[in-house]
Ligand code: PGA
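Starting off, we have a lone chain in the form predicted alone, written out as structure tokens.
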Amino acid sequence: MSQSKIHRYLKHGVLPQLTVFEAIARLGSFSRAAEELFLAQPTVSVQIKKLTETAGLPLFEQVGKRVHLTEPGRHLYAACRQIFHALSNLEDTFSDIRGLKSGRLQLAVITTGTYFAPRMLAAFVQQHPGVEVSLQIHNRQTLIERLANNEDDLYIFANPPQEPEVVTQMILPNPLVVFARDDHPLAKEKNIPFERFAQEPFLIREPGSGTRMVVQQLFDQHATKPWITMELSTNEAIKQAILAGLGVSILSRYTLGLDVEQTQLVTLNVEGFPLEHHWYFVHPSGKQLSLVAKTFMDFVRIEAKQLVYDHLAQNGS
């Protein structure tokens, strides 16, 4: 909206003047308005003088002992009531947001959180049904780009960026394990040497995936390379490839463990596993978090472990 027409109203502190004007118009008296507003009568007169000068038209006329509105004054009084009503509605909205009766949360999550994040959001919305939520799921590289562009309220990473311009807060353990089909030759082996595991056909996530980054670092530490037979862009695709007998893979314990029966997949007992990792909340260091975002962070820190572990128990994992 162009402010050129109302510029003179914006630069003279009109809102306090309108407060005085409304009280005089409603009570029909300068002195009674002064009493109601706990102001000295000269102060009330000065405020109305300034408002009259800003309007450029007379706002009151006095007939006998009572003050009456002029025609311009009646128009201003009607506008004044609309302004106060709009501010009152705005305060109601702010009160609802403060009490989480409304508001919006836009969350962007790494793909390994596909099963974890929706459960957290569902439980949060049950407690705060007036909050509208949006969930974006991407690989690590895309999430970093969204973070850099400040496109969302909060981010959940498995491998958060290390830049000093971001804030990270640990949420939940996210152990990485080796998945294989239940009839794999190594399924019943104990303490499988990493070098033996490295000889297995390996299914790996696409470039830009946080899990792929961890896998590459792990194999580098062992001075070896994975025998990559297939590159896939989602954890679900990797799951299906494992079930088809196409190889093994390193994934988050909860990525598949939240909804896969024990009879379908097993975790191989490879030395050095599980790899201890975590999920993290991440946001730009200068970001002013909304009350909804802060409340969601507090909720997840308290409830996340219980919700995930209860679900695992229900599924016999």
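Throughout, we count residues from 1 along the sequence that is shown. Quick caveat, the model's predicted, so the values are computed rather than measured.
The form predicted in complex with this ligand exists for this protein as well; it is not shown, and the discussion that follows is about that form.
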| property | result |
| --- | --- |
| Sole residue of 247, 210, 226, 103 within 4.5 Å of this ligand in the model of the complex, by heavy atom | 210 |
| Triple contact flag 136, 154 and 283 to this ligand in the model of the complex, non-hydrogen atom at 4.5 angstroms | no |
| Heavy atom contact within 4.5 Å of this ligand in the model of the complex, the stretch among 79 to 87, 107 to 115, 196 to 204, 128 to 136 | 107 to 115 |
| Non-hydrogen atom contact residue 242 with this ligand in the model of the complex at 4.5 angstroms | no |
| is_contact(residue 140, this ligand) in the model of the complex, heavy atom dist at most 4.5 Å | yes |
| Distance check, residue 158 to this ligand in the model of the complex, heavy atom within 4.5 Å | yes |
